[in-house]
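For reference, the chain that follows is the form predicted alone, supplied as structure tokens.
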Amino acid sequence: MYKIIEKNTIAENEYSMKVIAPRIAKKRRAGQFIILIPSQGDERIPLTIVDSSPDEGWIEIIFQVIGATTFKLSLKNVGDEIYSLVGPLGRPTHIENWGTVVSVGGGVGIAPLLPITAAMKKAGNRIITILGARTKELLILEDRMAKYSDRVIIMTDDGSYGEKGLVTDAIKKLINEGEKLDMVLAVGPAIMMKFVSLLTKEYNIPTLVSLNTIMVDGTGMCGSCRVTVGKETKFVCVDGPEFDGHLVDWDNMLKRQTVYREQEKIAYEKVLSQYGKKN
């Protein structure tokens, strides 16, 4: 069992938790994730390790309630225990001093982007951060991302905060301003990462994307996270979760993301009815 020592609401239906897991805290590196089971009998889900303290023995996770298991996890509070944690899993992010790195985060994807950005800054990179959200209320981790950034640009779909527009608009503006962009990191909705990758490919800017949202089992056993990268079949959970965005078959990725949508919807509605709630 793994005790929850801190829980915070960071946006609508989005939460952060610190959980005691000393061995994982000591070994985890930027880009890695854990497999979590909230209570005995629940399904397993992958979640990125956002932060950790090797000395205090905790790891931090951030999640959005989008299905049955994340809903059950959201019901747990400080002092409660998580039934099972396995990790760290996945390949750590390749970190080096590229020069100017643009960290592009969309929605809850800003959470897994945070530890990668922190590691890139520690390696000596100049960091330009672009954060996107549908509206101001759904923007997360701005202050924490700013801590590791030399410049922060906020984009919202409705213009309620920062600039109105898409993250790709901000990248285009940087290019037009004459910024030399040496590496782009993009984490967020698949459609966002697709269009970031298409844009940066035009300008031959190396781009790293995280395909973590497609993972299910997290150990390579179920095969659900098969993607085509550079005309080769890869498994996101064991070969990634990060890949060269210019080589990802995005149409294939987007199709695979919808494979279990109906089953997920049924499971979510069932658990909500058990707790007397409505979707």
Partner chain sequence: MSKENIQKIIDEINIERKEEWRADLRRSMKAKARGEIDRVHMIEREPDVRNKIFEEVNLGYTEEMAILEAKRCLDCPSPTCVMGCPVAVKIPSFIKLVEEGKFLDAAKKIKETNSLPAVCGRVCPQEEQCEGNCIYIKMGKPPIAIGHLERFVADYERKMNAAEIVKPKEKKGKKVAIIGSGPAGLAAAGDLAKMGYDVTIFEALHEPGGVLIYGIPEFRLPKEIVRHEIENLKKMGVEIITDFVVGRTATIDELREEGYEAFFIGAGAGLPWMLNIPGENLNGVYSANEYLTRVNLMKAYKFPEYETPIARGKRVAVIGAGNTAMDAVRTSKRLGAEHSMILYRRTRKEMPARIEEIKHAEEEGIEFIYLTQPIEFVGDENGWLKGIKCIKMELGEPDDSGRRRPIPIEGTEHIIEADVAIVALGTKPNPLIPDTTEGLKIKRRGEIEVDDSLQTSIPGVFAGGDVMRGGATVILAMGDGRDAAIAIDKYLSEKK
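Positions refer to the first chain, counted from 1. Keep in mind that what you see is a predicted model, and the values were worked out from it rather than measured.
Only in words, not in the display: the form predicted together with the partner chain, which the text now covers.
Taken together, the three residues Lys147, Lys164 and His246 lack any non-hydrogen atom within 4.5 angstroms of the partner chain in the predicted complex.
Contact annotation: Val152 falls outside 4.5 Å of the partner chain in the predicted complex, judged by heavy atom distances.
At the 4.5 Å threshold, heavy atoms of Thr100 stay clear of the partner chain in the predicted complex, well away from it. Residue contact check for Gly90: one or more of its heavy atoms lie within 4.5 Å of the partner chain in the predicted complex.
Looking at Arg256, you'd find a heavy atom of it within 4.5 angstroms of the partner chain in the predicted complex. Listed stretches are 193 to 201, 176 to 184, 155 to 163, 90 to 98; the contact stretch with the partner chain in the predicted complex is 90 to 98, by a heavy atom cutoff of 4.5 Å. In the predicted complex, the partner chain lies within 4.5 angstroms of at least one heavy atom of each of the following residues of 199 to 217: Ile214, Val216, Asp217, in sequence order. Relative to the shown form, the CA atoms of Ser39 and Ile214 are brought 3 Å or more closer together in the predicted complex.
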